[in-house]
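Take a look at this single chain in structure tokens; it is the form predicted alone.
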């Protein structure tokens, strides 16, 4: 029997009350989410908001405790002009960028290799996964003092080991005697602490990649390198982005390792922006220029995070 010309019966419309209930339910869920997050937001604002606003205020005023009770007058952008015109700030910026670039590239490569190794199945994998977090769990002050002692030519094992293999670098003073050797010690101590943290982030990203994609690639004849380049790296982008943001900001704002190991020496050759900011605040008691440096560090950190998110954001 032909149905040509028969009227098309539209599906019954969903009652408005049902749509309204769903819409109200979504609103209630959002309100509940805001209520649960609100206490944390209030605490974070109380902890970070006031110092941030106070530093911003200082950066536009003359606030130097070395001058006693002089009035805190408004100076506009004079503190920023003084900061940008300072040769010490420019030199610290160059050292900070060089340290950040080299350490982030090195740490990401080593951490990715470590994560790939820990992703494979082998006996004792669980113990090894737990043990690599030990360096990251050790307080930075303790780890920095540990490495400083190990590189001590009189008490450390590094000099003993180099002497045992008759290396020409035996009996050298590593810290605060030579600029290159001081940076080498800083790089090693910083990498020892932060590589495990980055590796765990990347390992978490590897864990959520479905094994079926690798099985399909093997069936299609893809080599291990092709699978890594065309599947692992693209699917690992979210984890790489998180790891890069954390690691870059840690390296860019590095302070404690340098403070403990070299104190900015020899001379000022290992001073970074964060260390110079500390010197301006504590030693020079110049809260105006120090506030300008702090705000500049915050802006740079936000720019770095925004660039990473834009470049490495997974495509929809």
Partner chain sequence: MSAIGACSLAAVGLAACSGGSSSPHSVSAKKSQTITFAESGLGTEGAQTQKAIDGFMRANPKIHVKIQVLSPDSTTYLAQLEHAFIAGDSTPDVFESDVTYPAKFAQAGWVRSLNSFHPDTSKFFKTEMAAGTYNGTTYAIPWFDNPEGLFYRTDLIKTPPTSPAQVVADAKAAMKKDHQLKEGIAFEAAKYEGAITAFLTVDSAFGGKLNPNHINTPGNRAALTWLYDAIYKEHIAPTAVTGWQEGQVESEFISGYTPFAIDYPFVEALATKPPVKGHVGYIPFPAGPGGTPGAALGGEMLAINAKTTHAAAAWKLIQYLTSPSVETARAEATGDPPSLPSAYTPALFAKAPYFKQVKVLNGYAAPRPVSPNYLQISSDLQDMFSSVYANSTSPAAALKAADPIVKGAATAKAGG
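Positions refer to the first chain, counted from 1. Please read these numbers as outputs of a predicted model, since none were measured by experiment.
Not on display, but discussed next: the form predicted in complex with its partner chain.
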*Non-hydrogen atom contact residue 123 with its partner chain in the predicted bound form at 4.5 angstroms*: no
- Query: Counting only non-hydrogen atoms and a 4.5 angstroms cut-off, does residue 73 reach its partner chain in the predicted bound form?
  - Reply: yes
My question is simply whether residue 100 lines the interface with its partner chain in the predicted bound form - judged by any non-hydrogen atom within 4.5 Å.
no
| Would residue 179 count as touching its partner chain in the predicted bound form under a 4.5 Å heavy atom rule? | yes
With a 4.5 Å heavy atom cut-off to its partner chain in the predicted bound form, the contacting stretch among 224-232, 192-200, 148-156, 125-133 is 148-156
| task | Run the contact test on 48, 51 and 57 with a 4.5 Å heavy atom cut-off to its partner chain in the predicted bound form and return yes or no. | result | yes
Within 279-312, the residues having any heavy atom within 4.5 Å of its partner chain in the predicted bound form are 279, 281, 282, 283, 284, 285, 287, 294, 297, 298
